[in-house]
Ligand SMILES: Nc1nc2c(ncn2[C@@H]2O[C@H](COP(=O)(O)OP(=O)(O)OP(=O)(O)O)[C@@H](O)[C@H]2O)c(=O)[nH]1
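Okay, here we've got a single chain as structure tokens, the form predicted alone, with questions on binding and movement later.
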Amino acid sequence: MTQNQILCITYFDQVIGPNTLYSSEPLVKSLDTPDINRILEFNDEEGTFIFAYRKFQTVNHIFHIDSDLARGGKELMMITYMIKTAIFKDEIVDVFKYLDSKAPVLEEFASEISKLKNDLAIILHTKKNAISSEYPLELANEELKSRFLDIFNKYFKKLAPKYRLETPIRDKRLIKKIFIIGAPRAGKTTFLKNIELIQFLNIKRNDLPSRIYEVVIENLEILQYDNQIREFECKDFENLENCVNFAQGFILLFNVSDKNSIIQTKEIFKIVDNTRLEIETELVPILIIGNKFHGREYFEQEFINKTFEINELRELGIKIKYFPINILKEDEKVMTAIRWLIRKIV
């Protein structure tokens, strides 16, 4: 196995809080691995759910094991299988479908781990150093270690993709993107950063175990536009035609209090849309967000509908929707808009 995929088991230590019992690879920030311990700070509901992070996507299963040593007689534990988005060479939906299919495997894994409950409970309640780099499993005797690792390795093999992951090289022709387009200083970079933050903070929601899938952050990218030379730039493609051809959706974002910002965003997207018509690529959904800056009046929906010809585009079969949102404050509205776009892609 490689650091493209990681399997780990965490639990809630009643002294030091969330802690990693064992992991196939170290969970370190330099690898952009998610801080999954945070999940157990806010959730104790049993269930399986998907959680999207910037570099890794995860499927998680929260469960309890009986324990005479725990308050309430139950230990809170979680199994997490995480995998880098980069190995999925095609569409966003591939990540979700793959991880969603692993839910029964995680449930079986949890069931087998639960059979070790008496011996594990002792390890979980052994006094530990909160800053120790060693996993608590190292405190177990050789018999328990062997039994645990046999189960762990057995299910890691079941979870792993059947193809090799050591050198994940993506063909540019297979990359799919959701491009963010908008006028300067409309909040595009802030929007992208906030989606990642909101997604992580959503682990506080009570409905987390119901298989949350918000968006694969890795596939979002701001499509840069230089107004002086009227050229576009993105990370994976050398020209606008390729960007458009392999786009799964567009997010148009502007300052809804600034008429120039609205008009400029429309003009930029018009270039993109004309390119789509020229190369006759398939229709993709369009999410329009008017960024509402605090304390400013903003243009009403009727003006936005007319400017972006929303009704006319719908008649042509394009899935398009407008959301006026303060992207700094209205987190729930941001995620509602993103969910709409993802549903239209899936």
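Just so we're clear, the structure is a prediction, and the values are computed from it rather than from any experiment. Sequential numbering from 1, following the sequence displayed.
Another form exists, predicted in complex with the named molecule; not displayed. Remarks below refer to it.
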TL;DR on 309 to 317, 275 to 283, 290 to 298, 58 to 66: the one with heavy atoms within 4.5 Å of the named molecule in the model of the complex is 290 to 298
None of S114, Q224, S257, N245 but one has a heavy atom within 4.5 Å of the named molecule in the model of the complex; the exception is Q224
Answer key, the named molecule contact in the model of the complex at 4.5 Å (heavy atoms) among L99, I178, A186, I195: the residue is A186
Exercise: N326 in contact with the named molecule in the model of the complex, heavy atom 4.5 Å: yes
Report task. Answer for T190 alone: is it within 4.5 Å of the named molecule in the model of the complex, judged on heavy atom distances? Result -> yes
